[in-house]
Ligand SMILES: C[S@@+](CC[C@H](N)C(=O)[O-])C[C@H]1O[C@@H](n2cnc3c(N)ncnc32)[C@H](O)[C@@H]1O
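Given as structure tokens, the chain that follows is alone and in the form predicted alone.
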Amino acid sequence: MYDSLFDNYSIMDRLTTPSSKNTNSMWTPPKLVQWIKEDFEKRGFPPPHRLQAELLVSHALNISRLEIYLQFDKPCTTEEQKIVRELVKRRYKREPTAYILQYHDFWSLRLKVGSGVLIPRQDTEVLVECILEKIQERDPSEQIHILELGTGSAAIPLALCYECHNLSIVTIELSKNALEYAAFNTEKYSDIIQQRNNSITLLQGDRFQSISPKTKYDFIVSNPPYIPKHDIDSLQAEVKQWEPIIALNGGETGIDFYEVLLNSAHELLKPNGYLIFEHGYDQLHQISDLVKLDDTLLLDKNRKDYSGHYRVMVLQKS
């Protein structure tokens, strides 16, 4: 790691400093990407380094990632270099790239994210896949009612609405800040939601307290907080310093919200309905022990993530 944000190896000392015309012309988009990539590697930032560099450069220059390499011999202006410099400076403070860009790509969607909302992870796409598999087993002409706990940026309901028809989704989120992002993203894709005869209702509330037990759902889905409280300090700086702790903290053992999900399934799920949720890579046995205490929720499957860790559990109400 480096002692200063401005050191002999820093791109900060190489950009927007007094230079000759020849020296200034060296900063083409591909060379900027290469320098930033190498700089991030030296600083020990989490990968993928080249992708982060491409995203920052394309954002700063208002071009696509492909155009970076199509403009291989085009020198960047001094003003463009300044913009790149400011973005890199924010990244040096370990601000997540998605927060700097103000968006994150998830499923087939580009979602607005920023301070106060969790950045959707690729592992959560496995959760979406599992939900879709069970939805596709249903009669496509019938309306399907889905309840989600902890919607964040609305990544999960929007992915489902992108793929399916006749969905009525109610989402609950405690954070008012996160709900603002969810509302923005839902409005952004409102045409797709309406065209597929879907609906998304955003509610602010603590767990399921705002949901009437008289209403029953075909699915309860969630990517709840599941990091044990004592493990949060050991997370990457990008996570623990920037992302909302409320979306990470799963209590002393990390499984507080799974007890809530299992208990609520009794009241809120229809017979033969599904409870589908994401969990930590090492929490399968803990949660399985909880499920064994309940004879009304039967294990349908456990699904691994793209790294080969068990990540999603599918339970069916008997």
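Position 1 is the first residue in the sequence shown; the rest follow in order. Treat the numbers as computed from the prediction; the structure is a model and nothing was measured.
Just so you know, the form predicted in complex with the named molecule exists too; it's not on screen, but the next bit is about it.
A.B. asks: Which one of 257, 27, 277, 40 is close to the named molecule in the predicted bound form, taking close to mean a heavy atom within 4.5 Å?
C.D. replies: Of the candidates 257, 27, 277, 40, 257 is the one lying within 4.5 Å of the named molecule in the predicted bound form.
A.B. asks: Using a 4.5 Å heavy atom cut-off, which residue among 224, 228, 75, 114 comes into contact with the named molecule in the predicted bound form?
C.D. replies: Here the answer is residue option 224.
A.B. asks: Mind checking whether each of 148, 174 and 207 has a heavy atom within 4.5 Å of the named molecule in the predicted bound form?
C.D. replies: Yes, each of 148, 174 and 207 comes within 4.5 Å of the named molecule in the predicted bound form.
A.B. asks: Tell me which of 94-102, 159-167, 229-237, 174-182 has residues with heavy atoms within 4.5 angstroms of the named molecule in the predicted bound form?
C.D. replies: Stretch with heavy atoms near the partner: 174-182.
A.B. asks: May I ask you to state whether residue 135 is within 4.5 Å of the named molecule in the predicted bound form, using heavy atom distances?
C.D. replies: Answer no; every heavy atom of residue 135 is more than 4.5 Å from the named molecule in the predicted bound form.
A.B. asks: Answer with yes or no whether residue 247 is in contact with the named molecule in the predicted bound form, where contact means some heavy atom within 4.5 Å.
C.D. replies: Yes, residue 247 sits close enough to the named molecule in the predicted bound form that at least one of its heavy atoms falls within 4.5 Å.
A.B. asks: My question is simply whether residue 118 lines the interface with the named molecule in the predicted bound form - judged by any non-hydrogen atom within 4.5 Å.
C.D. replies: Contact check for residue 118: yes, within 4.5 Å of the named molecule in the predicted bound form.
A.B. asks: Answer with yes or no whether residue 124 is in contact with the named molecule in the predicted bound form, where contact means some heavy atom within 4.5 Å.
C.D. replies: Looking in the predicted bound form, residue contacts with the named molecule include residue 124, since a heavy atom lies within 4.5 Å.
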